[in-house]
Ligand code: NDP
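Have a look below at one chain only, the form predicted on its own, in structure tokens format.
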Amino acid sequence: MSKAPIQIEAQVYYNYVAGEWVRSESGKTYHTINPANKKQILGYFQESTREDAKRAIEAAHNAFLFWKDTPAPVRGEILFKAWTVMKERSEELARTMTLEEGKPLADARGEVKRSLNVLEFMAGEGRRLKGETVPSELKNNFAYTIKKPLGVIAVITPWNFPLAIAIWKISPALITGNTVVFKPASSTPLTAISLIKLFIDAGLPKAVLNMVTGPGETVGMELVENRLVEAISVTGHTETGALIYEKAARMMKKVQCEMGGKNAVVILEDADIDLAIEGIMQGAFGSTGQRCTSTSRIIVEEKVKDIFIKRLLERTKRLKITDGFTEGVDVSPLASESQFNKVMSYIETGQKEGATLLFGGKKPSGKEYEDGYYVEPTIFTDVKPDMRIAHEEIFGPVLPILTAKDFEEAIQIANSVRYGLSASIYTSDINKAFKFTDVIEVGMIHINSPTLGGEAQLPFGGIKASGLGIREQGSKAIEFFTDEIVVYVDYTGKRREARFI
């Protein structure tokens, strides 16, 4: 069995502004709870106002010139130190995430590992912030490019990956010389506070990184609308991203949005069914389906539909549902009451629309589930593409199965949704695998593997309603957090004819 969950004293926690832990001017706090036991209060956090956000923005603005002038390799040294501190605190961070978000401890440990990979890669970018030299059309002229930081960056993160997503936004912002105001999701502030503390202990100068907790309609909107903020990086609902994008565009700000997904797995008749099912277990029910890259649709060819569904049902029945700290857990509670209500509403909608509820669909019975936000892994069959459960993001352990007569129809169904984040195909036909990469409308493609994941050195993000702006992670992330400047050096010492443009 796993160790007992860490005990969190329900104390008051504060914002971090200009290197100090401070109260909100509102004098109000809100509390968070353990989603596996809603009777357990985890802490009281600042219910911040626009004024609190303004102070954090001003602090970051005042620190910008100092941090910008700090050599990039020196900034990298601080990020490497933060990597060391994070590695030392890996287990503590993982347990904090399981306690406040509910995910299985194994998933939380995986999130810490992903965060370490991203932080390590970005720290190394301190010695790779390169421009390029380009031949000039003029004699005795030298032309080259450099990258310059933008200024104050607003980082707005969700609750489902409270450490990893924060790291993959904050670390490229810092390594490129920007300062940051960080607004974590209101339901996962403990992880955010742990993140701030590791940067403090790594020696990050005061006010370079600031954190303000509180509602999106106050803190979040001030970060979007304040003229001292030069760019916004946000992960959240598509509607939220679109609103932020619209408001920021009017102020000529850079925006990076990573949003929703309705990720399909296509099962062709020549697929390795057992391999596909194991991938689907991870993709659909791991982290209780609360990932933007979760498998949220199955599109299976008619010829293998019956055998696929039979084996899928057999495997799903063996999943273990319990709290995230129990050894061998497969499905843990949803993160909050609102998530629970949303998922149950979609299950009801699927039944009303005429889909067949093959498995699950309820809160599991038993004393251990009474005080948590548990939902059984749920499978629907006889699903049509126009049903809401087939094209809307549910963000829970609900798996609709659609049927296609052939490869071409499977692609048509897969591309019929407004999202375009991730997709997977299981097939032994290399020709169809490559054709899939040509025609599928997503930002990340997986062949014979789940829709999940990515690697720190590669870009992450989607197309269509799943993403706006430059991709996150990898060297590509540097582009969003910098301006590219072109420099022309004329060393002739003579007057030249004017260039045309």
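Note that residue numbering begins at 1 and tracks the sequence as displayed. Note that the structure is a prediction, hence the values are computed from the model and not measured.
Below, we turn to the form predicted together with the ligand, even though it does not appear here.
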query	finding
The ligand in the model of the complex: contacting segment from 402-410, 211-219, 345-353, 89-97, heavy atom within 4.5 Å	211-219
Partner proximity in the model of the complex: Ser424 to the ligand, non-hydrogen atom cutoff 4.5 Å	no
Proximity of Gly279 to the ligand in the model of the complex, heavy atoms at 4.5 Å	no
Partner proximity in the model of the complex: Ser466 to the ligand, non-hydrogen atom cutoff 4.5 Å	yes
Contact flag, Phe325 vs the ligand in the model of the complex, heavy atom cut 4.5 Å	no
Candidate spot Glu269, Leu275 and Lys432, all three touching the ligand in the model of the complex (heavy atom, 4.5 Å)	no
Contact residue in the model of the complex, chosen from Ala264, Ile156, Ala82, Ala173 - any heavy atom within 4.5 Å of the ligand	Ile156
Candidate from Phe45, Phe64, Phe460, Phe436 lying within 4.5 Å of the ligand in the model of the complex - any heavy atom	Phe460
Heavy atom within 4.5 Å of the ligand in the model of the complex - qualifying residues of 253-272	Glu258, Met259, Gly260, Gly261
